[in-house]
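Here's a solo chain for you in C-alpha cells, the form predicted alone.
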C-alpha cells in the first residue's frame, strides 16, 4: 500500500471567478456560499476531502482586492495572505478569456511565494464555443509565470475537476491526515447559519445593498427535533433596513424562508429561523465592530 498523502491547497483569484463553486464541487457538498456578485466570500473556509488514501484541505479565499478602501476589504486581503502561508499547492483560478489587472495583481503576490506548487486553473470553459480560442488563451496565460500545471475546467459543470483532484493528490506530501476522516470543514454550525442567511440576502438584493450587509447569530440551539436559530442582519442606514425588510416585511420573510430551506438541507433537520434587522453605521470600516461580527 502506498503512503498516505495529506496537505493544504489554497484556492485564490480575483473576485467572481468561481472559487467557491470549485470548492463545493471538489468536496461534493455546499459549504461556501456563492452568487454572481463579487466579494461574496469574506472568510477563508476549509473544505476537507478525505478517503483511505489521501486528505486534501482546500482553502477557499475571498477575491483579492485592488487598493482596498475599507477595513473589511483589507481584512479580506489579509485572509488571502494567510491562506498562502504553509500550503503545499496554490490553485490560481482565472476566468477563460477574461484576464485583467486584477489577475496581474494576483501574479505579483504569487511571484513572491517559494517552494509551493502553483497550478493555473482556467475556469468557465463551458462558456467558450470555439476551442481554438481556449488553446490560444492557454498559451497566452502560460507566459505570465512558471506554472507547474495548467488545467482548463468548468467548476459549474464539473468538467475536468476529477483530473484536477488527481493532479493535486499526486503533488501532496506523504503525511498523516490533519483532521478526522469524516470531517468536511473547520467551520462551526453558527458560521454556516450566518453565511446562508447572507447568501439569500445577496441573491434577493443583488442590485441594492449586498456589500453593506452582515449577519450575526444570537442563538443557535439544537434540540431533539428542531434547530432554533436567531439571526441578526446588520445594515448601515435606515434606508437599507427598509429595503431588507420590504413592504409589510415581505422581503425579510422571503429571505428567511429560502435560508431555512438550505439550512435544513445542510443540517438534515427541521430549522426554526428568526431574523431581524439592526443598524450599525459604517460597520464595515470599524475594527471594533468587525471583530464583534467575527472578522478577526
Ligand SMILES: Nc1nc2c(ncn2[C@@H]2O[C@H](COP(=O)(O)OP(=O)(O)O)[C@@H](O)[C@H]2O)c(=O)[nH]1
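Worth saying up front: this structure is predicted, and the values here are computed from it rather than measured. Positions refer to the first chain, counted from 1.
The discussion below concerns the form predicted together with this ligand, not included here.
Across the options 46 to 54, 32 to 40, 266 to 274, 225 to 233, residues that bring heavy atoms within 4.5 Å of this ligand in the predicted bound form belong to 32 to 40. At a distance threshold of 4.5 angstroms between non-hydrogen atoms, residue 131 is out of contact with this ligand in the predicted bound form.
Of the heavy atoms in residue 9, none are within 4.5 Å of this ligand in the predicted bound form. Contact check for residue 221: every heavy atom lies farther than 4.5 Å from this ligand in the predicted bound form. Although the partner is absent here, residue 126 lies within 4.5 Å of this ligand in the predicted bound form, judged by heavy atoms. When you look in the predicted bound form, the only residue of 73, 137, 154, 212 with a non-hydrogen atom within 4.5 Å of this ligand is 154.
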